[in-house]
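Encoded as structure tokens, the following chain is the form predicted on its own, with no partner shown.
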């Protein structure tokens, strides 16, 4: 289907992380949370105003704000 930002993924949609565009402290923090290229990710849900987003990665649940999700590119399946 193509490469999109994590924010654009729908609920129950899965994909593979292709790139984390953040640098510095934010980039390090995102990578420390397991958001690294090659990992499969699934959107579990979104809050009523679509922020934050709940993700499933490597067997655990993670929530991200949309401004953080904008730095992650995903190849959707």
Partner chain sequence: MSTAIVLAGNPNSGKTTLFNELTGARQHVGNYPGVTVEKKQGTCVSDSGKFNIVDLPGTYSLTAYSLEEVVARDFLVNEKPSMIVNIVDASNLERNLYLSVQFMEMGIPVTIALNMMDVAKKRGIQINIEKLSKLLNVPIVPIIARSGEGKKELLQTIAANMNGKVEPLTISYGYDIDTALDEMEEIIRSSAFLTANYRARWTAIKYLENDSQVIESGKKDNIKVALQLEKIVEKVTSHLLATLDTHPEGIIADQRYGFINSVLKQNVISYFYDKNRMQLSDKIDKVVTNRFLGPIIMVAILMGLYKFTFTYSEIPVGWFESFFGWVGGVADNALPEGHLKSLVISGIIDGVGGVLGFVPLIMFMFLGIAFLEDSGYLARMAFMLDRVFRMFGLHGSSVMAFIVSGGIAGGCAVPGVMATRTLKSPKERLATLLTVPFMNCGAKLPVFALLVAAFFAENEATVMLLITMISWMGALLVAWALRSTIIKGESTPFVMELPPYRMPTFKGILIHTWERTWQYIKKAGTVILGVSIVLWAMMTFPGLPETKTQEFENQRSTITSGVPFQILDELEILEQGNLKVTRKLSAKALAVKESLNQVDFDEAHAGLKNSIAGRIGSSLEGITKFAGFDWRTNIALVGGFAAKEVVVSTLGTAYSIGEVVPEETASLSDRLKAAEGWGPLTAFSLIIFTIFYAPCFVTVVCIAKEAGSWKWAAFSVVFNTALAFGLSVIFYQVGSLILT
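What you see is a predicted model, and the numbers here were worked out from it, not measured in a lab. Residue numbers count along the first chain shown, from 1.
The same protein also has a form predicted together with the partner chain, omitted here; what follows describes it.
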Report task. With heavy atoms only and a cut-off of 4.5 Å, decide whether residue 58 touches the partner chain in the predicted complex. Result -> yes
Requested in this report: Considering only heavy atoms, tell me if residue 62 and the partner chain come within 4.5 Å of each other in the predicted complex.
Outcome: yes
Requested in this report: Check whether residue 53 has any heavy atom within 4.5 Å of a heavy atom of the partner chain in the predicted complex, and answer yes or no.
Outcome: yes
